[in-house]
Structures are given as C-alpha cells and as structure tokens.
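Only one chain is included here, represented as structure tokens and corresponding to the form predicted on its own.
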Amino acid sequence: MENKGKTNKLGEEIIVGGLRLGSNVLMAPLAGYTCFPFRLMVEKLGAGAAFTEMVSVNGLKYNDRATKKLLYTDDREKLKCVQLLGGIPMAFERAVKDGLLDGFDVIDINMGCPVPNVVKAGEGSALLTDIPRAAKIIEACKRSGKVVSVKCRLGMNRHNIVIEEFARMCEGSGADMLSVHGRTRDMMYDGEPLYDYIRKAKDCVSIPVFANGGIYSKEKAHEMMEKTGADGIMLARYGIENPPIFSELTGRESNETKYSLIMEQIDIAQECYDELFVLSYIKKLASYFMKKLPGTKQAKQDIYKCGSIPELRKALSVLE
C-alpha cells in the first residue's frame, strides 16, 4: 500500500482525491463554531482544510435560513468543505445533487457523532453498526463527482471495535480520505485516544488517514502522529481554544494574537450575518479563547451581558 514506511510530518502538503491541501493539519467541524469567519481564520493560520458545522441532509431540502447560514461561503475560502449528517443513502444523493452544495469541493460524511439523539436516528456513530448502509451513503455521495471524506469513530464500544473493516469499506466505496476519532462512541469526548486502532486503520488502507481526538497541545499533536503513523491530524476543541496552534504546527509565520483574531472575526461576521448571530458566535468564541486564562471569570460574565457589537468590542479588550 502507499505510504508504507513513510514518516509524515506536521505541516506537509498532502493530496486528497486530486486536491492539494496546503497542510496536513485540519480543523474538524464543530457545531456552533466552524462558521465561515472561523474557517477563514484557521485557513489563514495554516489549516489545510476546515469543515462547516454538520448539516443535516434532511434539513437541506427545506433550504431555510438556518441551513443557509451553515452553508455560507464565498471566494475568500480557498477550499470549501461541507460536512453532512444523515442515515438514508437516497437522502444523501438528493442532497449532493440539489444545487445547494455546488460550490463545495469536499463532502465529508459524519459517521462518528456520539450524541444520543443522533445515534437513535440511525445517524453518526450508528452507521458503524450498519456497514452496508454506510457504504451506500459513500457511494451516493461519490456520484456527485466531488471529493468525499468520512469522519468516524473506532466502534460503538471497546468490545465492538470495527475500524479496520470500516476503513476498508470506506476506501472500497470510493472515499478519498478518512478521519478517525480515536475513541469509541461510548467514550464520548473523554479518555485517552486508542492510538493503536488509529494505526490499524492507517495500515489497512491506501487513502490518507487523519487522526483526531485528545489533541490539546503541540506536544499531543506530535504524539498523535508518532503513535498512529497518520498522514495528518484533525484538531477539534483545541483549535477553537487556541487557533494560533495552526501556525505553530505548520510553521506558518504569524504575528496574530487572540485579540487581533477575534476583532477580525467580528469584522468578517458582520459582513455575512445579522447582529444577533454575530453577538452569539463571538461570545461563544471569546469564552473558548479565555479558557484556562487566569482572572477571566468576571470578563466572561461581562461579555455575555453585552447587547451590541460596540459593547462587545470594548469588553473584549481584556484579550489585548
């Protein structure tokens, strides 16, 4: 298989389904955060790709205001990647052909979300228990002619780890890339990733495999690469907490601070969204930026009391 014996380094360019990604450090889709302004920010800092918040294939058919916000993009975003959530192959095929996704380069399929309501609906992690249906979903998305990636977990629990079979199915069904969250569904977002199983996924396929889960520092990022042999990594919560990590990991020169970044986020968000959305998004992002920073408890409370953009800008001076 390709890449056997090759040691991959963080920051390298990588080819996925014929698309050249500027680096092998990616930003995972996260509900409430990876909107257009955030994706622009991490791309500028060195992320090779950043994905939209997960979009329901069932919701796409209504083309409502909320869905339009999730899908918002423009030419400033170099590589456009959308993540879809669903459980019915025909719904995916309809979604990727209805025109709303024409501007996107990559379709990522969520086969890892562990949230109970999602799993009960036969979506997200539930697809790990129905490999034939998961295969049909990938095949349906590939008929769009776009690059297709899959984000999944190792299995439902430690007694039922299916990642090797699942990874081979993904490749065989036409997936161009696989992102493996190194936890089982029942682990949710806690516990040390099971590195050996990510390595097993990497070793049994020739498509690029990205490792995800438990990366909350530069040291953990390098540890993930060393222990899994992955082609790259996908950051999640730590990418929100500390966006400059993308520059650190990719060697991209940057003088940006959290303060300069969040001010720019306000500017871009105001161009694209209504004031209510901007206030909500920036408050959530600022709270993450302040995580683990001493003496910010009162500042967080003050920020959440802000009722206008000028008030918010003033309150955010605490990040200077």
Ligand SMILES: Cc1cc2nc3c(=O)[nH]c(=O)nc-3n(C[C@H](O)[C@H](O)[C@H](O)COP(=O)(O)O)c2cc1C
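Throughout, we count residues from 1 along the sequence that is shown. Note that the structure is a prediction, hence the values are computed from the model and not measured.
Below, we refer to the form predicted together with the named molecule, which is not included among the displayed structures.
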> Is it the case that Pro29, Glu53 and Tyr189 all touch the named molecule in the predicted complex, with a non-hydrogen atom of each within 4.5 angstroms?
Replying inline: yes
> What is the one choice in Ser247, Ser173, Asn110, Thr184 with a heavy atom within 4.5 Å of the named molecule in the predicted complex?
Replying inline: Asn110
> Among Ile215, Ala230, Val148, Leu154, which has any heavy atom within 4.5 Å of the named molecule in the predicted complex?
Replying inline: Ile215
> Is there a heavy atom of Arg237 no more than 4.5 Å from a heavy atom of the named molecule in the predicted complex?
Replying inline: yes
> Any chance Tyr33 has a heavy atom within 4.5 Å of the named molecule in the predicted complex?
Replying inline: yes
> Taking heavy atoms and a 4.5 Å cut-off, does Gln83 contact the named molecule in the predicted complex?
Replying inline: yes
> 164 to 172, 72 to 80, 205 to 213, 88 to 96: which one contacts the named molecule in the predicted complex at 4.5 Å, heavy atom to heavy atom?
Replying inline: 205 to 213
